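Quick heads-up: it's one chain on its own, the form predicted alone, in structure tokens.
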């Protein structure tokens, strides 16, 4: 008996150690990035770095503003495209589709989540960019630099976000009690009225959390966006203009210009900024989901 208790105690301590180690990794990354970014923060005010439009590393000017705006343009457009399609797909899968169709579609959605981002980027270069250049831009009378634009990045990124939003939203819709649906139907409401006024209202916090998680997933995406967005360090004025998101900046320039004073510190600061933004979005989504779970219980 003592031997079994000892084994249980050792196993418990090992699992606790593994859990603590996994949790500490984030703080190690955070402190490591902050330490590397501190040299530039000690000589340049943070507001100058975040809101300056002048990006000229050779001259020692590191204005992040065009990259921040480019990141939000691409990510925001991706979410605008992805949310309606994902929400309608989730409603159909949870409320209308039969079990056979649902079980067939679910692995395909999971497969989308497992495709490497470089494959999405290559597909964007071969399909999305030529479509914007040769078809969409001429129809709308817009000018574009070879089709590489915010719109191309938003379309590719929205497809990458689909699995996250659809999977979470579908599970959230399933948490709505069957009794609520039956009560609504029993008083004469149609199935769509039940979904609109009962299911969606009850699950709205969870849907919001799914969208936030999708946004955080899109915010830090690098390779696919880098391949189709144009990578021009200026503030876009329309979706047909090129942009330069911050993850693309890190991937494109890290290791190439490290001999410049403070350049490595600037890139680490960009990585720290991305990490903090993704952390904020994930914490916000988690708080909403926890609140929803408590309300269900």
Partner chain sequence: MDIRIIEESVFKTLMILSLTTVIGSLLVVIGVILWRGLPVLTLDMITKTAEGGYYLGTGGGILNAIVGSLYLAVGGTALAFIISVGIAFYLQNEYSGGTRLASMTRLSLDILWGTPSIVYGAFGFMVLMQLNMRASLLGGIIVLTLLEIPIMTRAMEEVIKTVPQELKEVSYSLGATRLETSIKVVAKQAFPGMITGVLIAFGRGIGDAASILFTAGYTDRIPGSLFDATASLPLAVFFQLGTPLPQVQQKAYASAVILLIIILIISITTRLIGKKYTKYIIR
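Keep in mind that what you see is a predicted model, and the values were worked out from it rather than measured. Positions refer to the first chain, counted from 1.
One more form of this protein should be noted, the form predicted in complex with the partner chain, which is absent from this view; the next part is about it.
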| item | value |
| --- | --- |
| Exercise: residue 166 in contact with the partner chain in the predicted bound form, heavy atom 4.5 Å | yes |
| Close approach of residue 141 to the partner chain in the predicted bound form, 4.5 Å, heavy atom | no |
| Interface membership of residue 254, the partner chain in the predicted bound form, 4.5 Å heavy atom rule | yes |
| Partner contact for residue 179 in the predicted bound form: the partner chain, 4.5 angstroms, heavy atom | no |
| The partner chain in the predicted bound form: contacted by all of 44, 232 and 288, heavy atom 4.5 Å | no |
| Listed residue that, although the partner chain is not shown, lies within 4.5 Å of it in the predicted bound form (heavy atoms), from 80, 145, 183, 111 | 111 |
| Contacting member of 131, 208, 92, 72, with respect to the partner chain in the predicted bound form [4.5 Å, heavy atom] | 92 |
| Contact stretch among 63 to 71, 31 to 39, 49 to 57, 237 to 245 - heavy atom within 4.5 Å of the partner chain in the predicted bound form | 31 to 39 |
| Sequence-ordered residues of 157 to 194 touching the partner chain in the predicted bound form, heavy atom within 4.5 Å | 159, 162, 166, 188, 189, 190, 191, 192, 193 |
